[in-house]
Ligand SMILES: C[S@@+](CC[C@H](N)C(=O)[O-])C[C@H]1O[C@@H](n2cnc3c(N)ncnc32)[C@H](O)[C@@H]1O
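Consider the single chain below, provided in structure tokens and representing the form predicted alone.
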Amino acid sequence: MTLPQDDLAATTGAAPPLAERLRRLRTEAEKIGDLMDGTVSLPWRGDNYQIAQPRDFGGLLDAAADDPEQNMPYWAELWPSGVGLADAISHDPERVRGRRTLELGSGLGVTAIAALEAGAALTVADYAPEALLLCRYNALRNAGREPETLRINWRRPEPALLEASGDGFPVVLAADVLYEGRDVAPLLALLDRVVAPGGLLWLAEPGRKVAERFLEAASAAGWRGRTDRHPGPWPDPKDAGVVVRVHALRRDG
């Protein structure tokens, strides 16, 4: 599915009022399909976010079947790791406040909202234009700000991402980006290029085996830090019992 380019991207002059901007983003987002609105609560902080997401994944799955990259629409779900990372950011906002921050995999924008509320200068990168659009809408709706966006496949990053990183981002966020074995090596290689020297990788994952493989490879490459465990509760009752591990990692040297 390809969305028309948001005509606001080319707008010059004064920005439209918030309500009008939200209306126009919502209109664009509804081209994805029927949307449903729900509340996401951060378990530690108690903050509540109003999140719009697709009601029916059928069309998204059909589009993924025709995608040569076979990137499934994982972004359209509310995953515990995104909520857990948002909660960690809200609990410790100084880690991102005033810092150039990159989020790999925007999802529906839950983590982006927390980062923007904490004062991050945020860029979000995702393969799906639908995810980027809904991230912008949900962020503006809840945080009153939008992130910068980049459409990229981080398994094969394009020059735009590397140019945006400059000498590296002081903070890189990633929640639930490790699903398949093919993700490990490209993610580690990309982090070597986009995390600034001495910068922070804040990674959240629910204990999949592929995440274990990534953490072993990252440790061998000199990444060190601490891990906090977040037991929820999460937005979807089916995720009861999921424990999200939130890793705050930096490279040696």
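Don't overthink the numbering: it's just position in the shown sequence, from 1. Nothing here was measured: the structure is a model prediction, and the numbers come from that model.
There is another form of this protein, the form predicted together with the named molecule, and it is not shown here; the text below is about that form.
In plain terms, the part of the chain that comes close to the named molecule in the predicted complex, with a heavy atom within 4.5 Å, is 151 to 159 out of 134 to 142, 115 to 123, 87 to 95, 151 to 159. The shortest heavy atom separation between Val171 and the named molecule in the predicted complex exceeds 4.5 Å. The closest heavy atom approach of Thr101 to the named molecule in the predicted complex falls outside 4.5 Å. In the predicted complex, the named molecule sits beyond 4.5 Å of every heavy atom of Glu146. Counting a residue when any of its non-hydrogen atoms is within 4.5 Å of the named molecule in the predicted complex, the hits in 74 to 103 run Tyr74, Trp75, Glu77, Trp79, Ser81, Gly82, Glu103.
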